[in-house]
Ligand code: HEC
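Next up: just one chain, as structure tokens, the form predicted on its own.
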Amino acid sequence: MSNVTPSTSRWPARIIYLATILVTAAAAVAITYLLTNISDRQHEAQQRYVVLENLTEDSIDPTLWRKNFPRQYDGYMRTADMVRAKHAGSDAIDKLAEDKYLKHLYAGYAFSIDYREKRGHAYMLKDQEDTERVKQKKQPGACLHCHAAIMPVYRKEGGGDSWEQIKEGFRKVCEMDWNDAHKLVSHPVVCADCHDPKTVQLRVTRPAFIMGIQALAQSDDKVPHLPSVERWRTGNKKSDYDPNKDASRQELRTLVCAQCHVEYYFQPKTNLLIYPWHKGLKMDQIEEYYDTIDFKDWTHKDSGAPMLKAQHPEFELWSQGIHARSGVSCADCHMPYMREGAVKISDHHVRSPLLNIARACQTCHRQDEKEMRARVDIVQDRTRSMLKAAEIGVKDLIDALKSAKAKGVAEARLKPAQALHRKAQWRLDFVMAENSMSFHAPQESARILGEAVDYARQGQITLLKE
């Protein structure tokens, strides 16, 4: 006979009953929280932004945009970070101190005075204010086309908002002395330079780019990475190609960057900023255009050659690479999509994809980060070696020309070697001044550097001939 009383024997049942109630209550709370969270996220996703500030074309202060777009503003401000990948970065490294050949290559030109690594977008105006090239050499207002929030100035100087008035303001600012034009601006490139303040849609604003892309559309160059240009060509349109109307959104995710990350020159006498795409985007086509108009950036102090200085032809080199052919935009890699809660935005902390491999590369490539980094390192390390070989070749040609001049060799005998110096250094500089260490188009870069070495050595051989 059991000695357990009835009241005691009921305790296990009561515990199970209470535990069941607690578990059920906890599950109900969890499900309620989950459903509420899902509802909140759906609501958050539907609300792209809340208008707190009415933005206009004159809203160039990024803090005004911050009220409506705090996430994007935070990313933009982080472009002030000093970060580096292996072969490039956004800290003001003195390239002249780092590379012993550069002063030799740029002898007689402003880049032999001061040449530093570019920093992030937040520093675009300050870096130009601080460079010795501006302090020691007279520079035109055209430089501010890409270094400042300049569009309101163009409208004011041109007398209105029409395209013809903006072009007139652009022309006037280009003719100004840099110091005078600088007094008219207060911010580096900002939100309104890439986004319509009313609709927030991507747009291109820079007059030099718009005229440059129209010249490209009218050239014979094939640009499969810009389908809208090919459609425009086959459509027998009478009006000029308009990227803001004709380009797709994916194309604009490249073109807004191509407004400034390009090769350019200043028209003699007027200093009008021009993108040299009249024959195409390829290095050879740009060189052909410069030769056609008999253009030179400067005469080399030691060799006497009429020289070309490549600026930062990211758009041009990218256009020759596999990513461009595959429809991958600049923003896909340098401003990849990210989520904050339920909100999907482009990361406005513009930087090297190597600093953000998970989102910048692995959305398309399934290899792990170590493998992705190794692939890039192989390409860039080999390019670095080829660059050094090309630098030495061009330096040797400069020395040979300098020596020949000192010996009194006739000008007629120097000209063929000087022409080869121009061609060799243009190719070297096209890859060296471009900011991907060839990764935008590795095979095209290798071809260009191979030609640089070849032309440099041909120049030396030319001087040895009787």
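Fair warning: this is a prediction, and the values are worked out from it, not measured in the lab. Counting begins at 1, following the sequence as shown.
What comes next is about the form predicted together with heme C (HEC), which does not appear here.
The contact with heme C (HEC) in the model of the complex, taken as any heavy atom within 4.5 Å, belongs to 118 out of 118, 388, 301, 233. When heme C (HEC) is considered in the model of the complex, only one residue from 272, 361, 217, 185 comes within 4.5 Å through any heavy atom, namely 361.
In summary, the region of this chain contacting heme C (HEC) in the model of the complex, judged by heavy atoms within 4.5 Å and restricted to 289-297, 134-142, 97-105, 218-226, corresponds to 134-142. The shortest heavy atom separation between residue 378 and heme C (HEC) in the model of the complex exceeds 4.5 Å. In the model of the complex, heme C (HEC) sits within 4.5 Å of a heavy atom belonging to residue 326. Heme C (HEC) is not drawn, but in the model of the complex it has no heavy atom within 4.5 Å of residue 285. When contacts are judged by a 4.5 Å heavy atom cut-off, residue 433 counts as touching heme C (HEC) in the model of the complex. Contact with heme C (HEC) in the model of the complex holds for none of 112, 426 and 428, as no heavy atom of theirs lies within 4.5 Å.
Residues 189, 190, 191, 194, 195, 200, 202, 206 of 183-213 are found to place at least one heavy atom within 4.5 Å of heme C (HEC) in the model of the complex.
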